[in-house]
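Listed next as structure tokens is one chain, alone, in the form predicted on its own.
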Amino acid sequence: MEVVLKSLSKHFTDRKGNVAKALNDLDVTIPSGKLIGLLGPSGCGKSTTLYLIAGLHKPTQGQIFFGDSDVTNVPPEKRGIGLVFQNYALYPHLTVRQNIMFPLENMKMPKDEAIKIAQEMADLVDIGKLMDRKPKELSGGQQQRVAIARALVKKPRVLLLDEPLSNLDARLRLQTREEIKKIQRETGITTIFVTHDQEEAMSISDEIILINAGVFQQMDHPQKVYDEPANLFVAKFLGNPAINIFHGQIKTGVLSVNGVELDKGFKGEDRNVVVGVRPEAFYLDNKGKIEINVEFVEHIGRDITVVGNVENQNDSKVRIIIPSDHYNDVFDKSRLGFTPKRMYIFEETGERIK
């Protein structure tokens, strides 16, 4: 089921009459049968977007389409959505079976048929042998699967997941996100999930939608967004360690950092710009164009991370990742030279130039 958001906005007004724009003029098309990650920092508007799609919020302006059907004013229970909340919202006094069957009982489905479908969904999410247990007898990951099974039992057109892995420990997050991807592939249901965890979004999403302060930033395949960020926010938000930022200048078409020429052929007037280089996009070079005052070196398995600072650059520390076979070249050195293999150039406003 394709989901189309047209000029979608949501504004909230507090008791004093102040207006907060949680979402502002969002235009996106979510392709049918795909797993889409809604990604962004806390408070950016991603959960608001999910609740608008679900029908829990009414938009200030704009429209929501499921396929060719305008569902903007359709109540949640008639939209054909399955919704899984961050806290799972399971009924503690009911068994797993009863929790999964609950939506079907509300639909007045015959009990024998409801039991059969509930078992099918439980088997799909690999909790088929836990049907007689209560939620308190389950692990966090198992509770999450019960919530997903309950959302799937009505065979929804769209599955919505709000921070589905945030309550799990690191090991269970990894395992459960793989399960979510597997379930989505097996069911073919258009699935939209909210997360602030970039690794989580990039690892299982077919595409990601990046939002900041209620404003759309970029939508594409995760690796494409990482490799070709639309602006400075996207470049800084994606990547761990974060992209290295340097303050540069363009004069007579030549880009330089700390007076060292890095590139040329730029158009427009002379101006200050921002240069971004991913930690892995350097190579060690004794005559390198960027010199780093080394603070320490981390040797972790196959990679080395050189941490330091660059003179006249006041941003956070520079982190450079290079293969571990360079360990002897960087060990116990106080100053090292590096040359960027790939740079991103941005206006100070954040607009990407190159």
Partner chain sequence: MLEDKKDGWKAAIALAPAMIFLVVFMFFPLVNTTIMSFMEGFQFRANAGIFAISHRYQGIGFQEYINVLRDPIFLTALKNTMVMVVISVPISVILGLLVSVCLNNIKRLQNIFQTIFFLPYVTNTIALGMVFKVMFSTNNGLINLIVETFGGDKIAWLTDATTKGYWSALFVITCYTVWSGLAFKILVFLSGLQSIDKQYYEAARIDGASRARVFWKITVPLLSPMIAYITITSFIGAFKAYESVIAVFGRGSYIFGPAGDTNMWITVVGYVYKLLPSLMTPGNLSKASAGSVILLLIILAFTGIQLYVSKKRVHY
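Source: prediction; values computed, not measured. Positions refer to the first chain, counted from 1.
Beyond the structure shown, there is the form predicted in complex with its partner chain, which is absent from this document and is the topic of what follows.
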Which single stretch, out of 194-202, 72-80, 236-244, 111-119, brings residue heavy atoms within 4.5 Å of its partner chain in the predicted bound form?
72-80
Within 4.5 Å of its partner chain in the predicted bound form, heavy atoms considered, which of 252, 87, 139, 223?
87
Which listed residue (310, 28, 54, 297) meets the criterion of a heavy atom within 4.5 Å of its partner chain in the predicted bound form?
54
Just to confirm, residue 283 within 4.5 Å of its partner chain in the predicted bound form by heavy atoms?
no
For residue 271, is any heavy atom within 4.5 Å of its partner chain in the predicted bound form, or not?
no
Contact of residue 157 with its partner chain in the predicted bound form (heavy atom, 4.5 Å):
no
In the predicted bound form, does residue 93 have a heavy atom within 4.5 Å of its partner chain?
yes
For a quick check, can you give me the residues of 94-108 that have a heavy atom within 4.5 Å of its partner chain in the predicted bound form?
102, 103, 105, 106
